[in-house]
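Taking the form predicted on its own, here's one chain by itself in structure tokens.
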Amino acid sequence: MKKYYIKDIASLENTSADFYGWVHEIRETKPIIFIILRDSTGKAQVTVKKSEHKQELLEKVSKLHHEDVIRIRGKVIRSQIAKLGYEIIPEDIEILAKAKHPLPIDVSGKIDAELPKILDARYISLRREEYFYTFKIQSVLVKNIRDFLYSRGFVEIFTPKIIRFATEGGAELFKVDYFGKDAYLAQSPQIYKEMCAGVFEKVFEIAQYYRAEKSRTNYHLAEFISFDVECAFYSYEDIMDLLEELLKYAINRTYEEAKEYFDKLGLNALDLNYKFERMSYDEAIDHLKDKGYKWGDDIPQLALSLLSEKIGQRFYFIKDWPSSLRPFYTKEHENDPRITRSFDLNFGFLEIASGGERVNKSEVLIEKLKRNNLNVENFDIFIKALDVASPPHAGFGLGISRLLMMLTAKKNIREAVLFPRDVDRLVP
């Protein structure tokens, strides 16, 4: 079992220990060979002075190549030239696995590669710092999201990903053979999280979902990580408050806890010390009317780019969307049924989250299903759940990869997903 990591090196000064990892780099001068050993916690310099080591060890060193997996037993000493302030003087080296050359891509990142090649070789491109630290940041971010919600009494749920009928209505579905019957991969946990909110009151889920959209943009995927929240006895204003508080907490904590990773990527922390603006759909359309947009039109990414020129690279809500642009389960304003109690959260031109209040009366839901030309029988279980008295509730869904993409300044969402799936990609 691996006992010590490179991050522990300072505590091992003047002791001998076993270090395991990958050969990241080899540099040789006439008297000295430098091996840069990398593990999941960092890099350390291994210094081999040719005149001070036996021929057997020097022969092992001569057989090393980039990305070989090795065990080095050596003494840790202080160093004036090593980046960590310490170096390892090897006593023994064991090659545990050999990497076949040439490597698919250069792990150091010194030699650039196109994104398709990087994704094809994901099994090794994840070793590049630009991706390695991105997903370390993702891990910290998701932990902080969970910490925030658990500290506020939320219950984490796990809903089915194989379903009998569509839960969203509009988006395309992936059909699967389910023991000889047609079934579909879930687009969201919407109906299930609403039913759970009627029991546990405050629930959330972080899971993968699927949309069979033939989109080839930099922001769409066929499989994506959705972070969903639903709260009983919350209005959509309450949910916007919660979402803003959650993001400020989770992002700021992530900057603190993952500062080293952001520094490695050359990224500065965003200033979130402001109130997220809450713009109505009417106000947004008024800003865009000189570009040809009118009431009832959707606000696509191009239009969000125009809005972001006015607002800047900040978080902001657009609320009170027309009923025609929102899912069937969205609650409408009592005094104007053309408008829903809903919102989108954007950062600049990128939509990050969408949510609102939900219909909680079966007769209203049935009417809306019919209005949207959806089969009422397909939603029988949901209707029954409303019939046993569902409390007023609201929630949202947020794209984890879009949030990560924004925090790490990636240009393509596929760079912010470990193994992306889209209309053209099914491997690795």
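All residue numbers refer to positions in the sequence shown, first residue = 1. It should be emphasised that the depicted structure is a prediction, and the values quoted were computed from it without experimental measurement.
The next section is about a form of this same protein that is not shown, the form predicted together with a small molecule.
- Listed stretches are 69 to 77, 204 to 212, 253 to 261, 148 to 156; the contact stretch with the small molecule in the predicted bound form is 204 to 212, by a heavy atom cutoff of 4.5 Å.
- Contact between Gln138 and the small molecule in the predicted bound form is not found at the 4.5 Å heavy atom cutoff.
- Residue contact with the small molecule in the predicted bound form: Ile9 places no heavy atom within 4.5 Å of it.
- In the predicted bound form, the small molecule sits within 4.5 Å of a heavy atom belonging to Glu351.
- The small molecule in the predicted bound form is not approached by Ser125, whose heavy atoms all lie more than 4.5 angstroms from it.
- Proximity to the small molecule in the predicted bound form, defined as a heavy atom within 4.5 Å, singles out one entry of Tyr281, Phe224, Phe347, Phe328, which is Phe224.
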